[in-house]
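One chain comes next, on its own, written as structure tokens: the form predicted on its own.
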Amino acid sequence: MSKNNPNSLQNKTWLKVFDSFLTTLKAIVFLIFGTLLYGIFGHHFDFNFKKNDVAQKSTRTYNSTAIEEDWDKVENGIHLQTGLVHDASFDIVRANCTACHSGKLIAQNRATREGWLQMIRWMQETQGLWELGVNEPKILDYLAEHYAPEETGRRANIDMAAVEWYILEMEED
């Protein structure tokens, strides 16, 4: 082909335009891909390797043995990890209740057996709690026994006979 051939000139022009188009398309795809990665990984998607070096040189240590030992530690009848009373039904309650929320949420509430049943039904209807099956009566017994309403009432009456009375003497001007 000669330089005077119009098809050759058109082909070269077309190739330059097509090459520019591909370069632009690659840049757009790269930006979209990068944006998607940032959306998925957020601030964890970071190319700053100095931060990682600092994290690796951290002096913070964890005593995994102490954590493992405290996992099932019970003091004064209270399971320390969950804050719940430890008894024969404790493992069933921990497996079914603390899968979704803290044991401290249970410990701070008080209800009758019927009240606990209503809470369980509410969690099943609105929060996705599964059917408890044969464990439900055991869980309800546990909750009703250990987290029933407390009858505090008013303070105890004062024993008037045991009070040592005295008379205030007022000075007169």
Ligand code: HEC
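The model shown is predicted, which means the values in this text are computed figures rather than measured ones. Just count from 1 along the sequence shown to find any residue number.
The discussion below concerns the form predicted in complex with this ligand, not included here.
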Item to complete: Please state whether every one of the three residues Asn96, Trp122 and Gln127 places a non-hydrogen atom within 4.5 angstroms of this ligand in the predicted bound form.
Response: yes
Worksheet item: If you check in the predicted bound form, is Leu132 within 4.5 Å of this ligand, heavy atoms only?
Response: yes
Practice prompt. Spell out, yes or no, whether the shortest heavy atom distance between Thr112 and this ligand in the predicted bound form is within 4.5 Å.
Written response: no
Worksheet entry | Contact label in the predicted bound form: Cys100 to this ligand, heavy atom within 4.5 Å | yes
Discussion item. I'd like to know if Ile139 sits close to this ligand in the predicted bound form, meaning any non-hydrogen atom pair within 4.5 angstroms.
Written reply: yes
Item to complete: Identify which of Ala148, Leu36, Leu105, Ile28 has a heavy atom within 4.5 Å of this ligand in the predicted bound form; exactly one of them does.
Response: Leu105
